[in-house]
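Included below are C-alpha cells for two forms of one protein chain, each presented in isolation as structure 1 and structure 2.
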Structure 1
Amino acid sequence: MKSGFKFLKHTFSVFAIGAVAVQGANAETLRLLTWGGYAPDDVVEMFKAETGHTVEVTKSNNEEMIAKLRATRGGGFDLAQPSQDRILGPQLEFGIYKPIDISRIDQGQFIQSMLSATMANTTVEGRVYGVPHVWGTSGLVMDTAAAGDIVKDYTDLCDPAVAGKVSYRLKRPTLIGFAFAMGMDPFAAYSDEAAYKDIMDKVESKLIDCKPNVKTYWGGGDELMGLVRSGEVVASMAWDTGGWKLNADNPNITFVAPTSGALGWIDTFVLPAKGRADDAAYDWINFVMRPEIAAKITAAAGNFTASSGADAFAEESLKARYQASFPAVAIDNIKWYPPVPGGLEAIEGAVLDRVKAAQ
C-alpha cells in the first residue's frame, strides 16, 4: 500500500518534471538540513534544471540539527550537514544516521587529505557516515588598530587594557580555545574524562575571572557583527568569515588566527537514518562538489569547501583576506576538532552553567 502510494507520487513528479523537459527519470524532493549559505538559491535552481530534483532547504545549526533528527529518530530530512566532530557521539547514542555508500560519491572531486580525515573521523563499526563539505576556522575577530597589539590569543581577551570591549560565546568552542591558549591540549584529553574535567576546571576559573572584562556573551552572528562594527567590541572570539565580511567595510577589522592556533571545523554531508531520497542526496553531493558550484557556495557562505580546484573560481578579494589571516605557519597550526565522545557535553555544560551564574 505504502509503496503503491510512493510509486504514484513518483509517476506524478515524473509527469510534472517531464513537462519542463528535463531528463530526471526519477526526480525526487531533497529535504536538506543545512547551514545558512550552504545551499544558495541559484545552486538549487541549477541542480533542479540538471537533475529534476527539488531541494527544500531548512537552515539550522549543529545542536538543532541533532535535536531535530533525534526527535524524529532520523526522519524528516534526506541530507544533513553537522560538523564532523558531531557525528560519532550522536550516532552511538541515538542512531540517527545511516552509512554512506562511498562508491556513489565522486571522490575525485574532493581534496583527498580532507576526505580521508573526515571519513576516518566519522567511521563507526567500519562504516563511513560522513564526507566533508565546507570548512573553516574560529579564532579572533578584532579591530587591529585598537586591539592588535594587545590581543594575540584567546586569553588576551581578559587583558584589562580591553576591559568591557571584548566578547565571546558561552559555548564549547570557547572552552576548547581557552584550554589551548592556556597551554593545555583538550583534544588529547578527550578519551580521559578525568583529565578532561581537570582541564575544564582550569578553564572555568579563568572564564570566571575574565567575566568582568566581557561586555556580553554574543549569541548570534548578526549580534556579534553589530558589536564589532559599532566599535563597542574591539576583539572577540568568532568565525573567520565574520572577520572577512567586516573587513570589506572597515580594513582595520579582520580575522586573526590566535597564536595557540585557530580551531578548525569541517561541516559534512550525512544521511539521516530515515531519509527517503538517497538518490537525490548523492546527486546533490556530487553536484555541489564540482569546482565551479563549490565556488558559488564559497561566495555565499564565505568559507572554503573541500572541493579540489574550486580555488581557481573563488573571488580574489576573499582569497586575499584568507591569505592575510593565514600565513603558512598558521595553517599548519590549525587544531582540527576530533570527534566528541559522548558524556563530555555534561562536563562542559556544568562549566558553562557555572560561568554564566558567576557574579
Structure 2
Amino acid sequence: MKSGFKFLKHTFSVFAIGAVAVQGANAETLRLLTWGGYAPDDVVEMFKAETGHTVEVTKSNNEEMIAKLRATRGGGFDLAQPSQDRILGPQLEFGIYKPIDISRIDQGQFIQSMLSATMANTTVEGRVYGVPHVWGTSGLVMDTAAAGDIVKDYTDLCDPAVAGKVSYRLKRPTLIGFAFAMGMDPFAAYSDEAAYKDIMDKVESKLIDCKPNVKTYWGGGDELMGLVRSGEVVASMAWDTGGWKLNADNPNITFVAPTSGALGWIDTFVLPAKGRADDAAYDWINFVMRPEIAAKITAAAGNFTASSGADAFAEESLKARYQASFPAVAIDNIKWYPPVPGGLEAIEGAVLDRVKAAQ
C-alpha cells in the first residue's frame, strides 16, 4: 500500500509540475489602460495566481486613453477601457482598435441588455469593438417621504406640488432625460439634425415653463447633497451613487430610476489595434466578469459592473440600495448614451443658454 501511495504521490507531483510549466509557457504580461479602481491589487494577484499572467496597470481617463492610443496608432497596451461613446468615432478616424472575437467572451456572465446595447453602440462596419464593464446612471434623487408619491419621472419635477423644491443641472443629461419623459427618443434622432432640433425646441419650452419650480440649478455634487440633506430640495436629477451616499445618512433619501428610464454610461473593454497579448486580455475580461470578482471591483470603484448576479456579492447595505433602485425592469430600461454626432452639441448649448436667460 505504501509503495502504491508513493507512486500516486509521485505521479501527482509530476502532473502538477507539468501543469505549472504549461501555465508558465502560456503566461503573458497584460498591459491594461484603465480607470482608478477597475483593477484593484487583490484582483490582479488572484488573476496572476490562477492564470500565470501578470498585469501592468496604467490609470487614465477617456481623453488620455484616446490620446495615448492615437499617438501610437493603437500600440503600447493590450486592453483599454474607454467609455462606449469613445469607440466608434476614434475607430473611424484613427483606427486605434481591433475587433473583439465575441466567441472568446463568456457572454453568459453579462447582464444581457447591457451587453446587447454596448455591442450595438460599438459596432463599426459590422464588427464589434467593445463589451461593457463598469456602468452608472443619472436619474432621480429624492426624499421619498416628501416627493415619492409625486415624482416618478423627470417631467414630474415640474409638478406644482414640489414647486421651489427641485433641482437639476443645465447640462445635456437634463435635455435628454426630459425628452424621453416627454415621449420622444432623442437618441433615435441623432442621425437627423433637423429632427433633433425639433425635439430640443420642445424640451426648451418645457424647461422654461418649469423654471418657477427650480430652487437652483446645481453645479456640483457637494452642493446638491447639501440642498437635499437640508430639505431645501426634495427631488432632483442626479447620479445613482450620490443618492446611495445620501441614503446612508437618511433612509428616506435615495436614487430612483425614472419610469422613462435612467440615463446610463458604460466603460468598456476594447482591444488596442497593436496589442500583443490577446490571450491575457480575453482571460482578464472573463475573470473580472465573474460575479464574485466583479463585486470586488464594485467595492474599489464605487460603481457596479455589467456582471450578472454580482450584486449578490456586494456589501450588504450597498446591495440593498442597488436592488431597491434597480429591479430588473429598470435595468433593461436604461437609456445608454451613444456617441454624439457633430453639430448636436451646438444645438444643445443654444437651448441651455436660452433656458438660463429666460425670465
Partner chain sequence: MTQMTARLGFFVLLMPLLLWLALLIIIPHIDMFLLSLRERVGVGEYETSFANYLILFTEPLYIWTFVRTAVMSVLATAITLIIAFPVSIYIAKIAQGRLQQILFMLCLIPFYVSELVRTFGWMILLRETGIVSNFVQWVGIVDRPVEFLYNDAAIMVGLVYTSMLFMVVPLVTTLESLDNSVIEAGYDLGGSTLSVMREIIIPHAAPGIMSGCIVVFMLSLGNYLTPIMLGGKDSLWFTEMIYNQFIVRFNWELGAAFGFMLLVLSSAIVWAMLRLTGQTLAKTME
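Bear in mind that the values here come from a model prediction, so they are computed numbers and not experimental data. Structure 1's sequence is the ruler for residue numbers, which start at 1.
The chain appears twice here, and it is structure 2 that represents the form predicted alone.
Look at F110, V43, W265, G74: the residue sitting at the hinge between structures 1 and 2, where one rigid part turns on the other, is W265. For the chain modelled as two rigid parts, C-alpha superpositions between structures 1 and 2 yield a turn of the smaller part by 37°.
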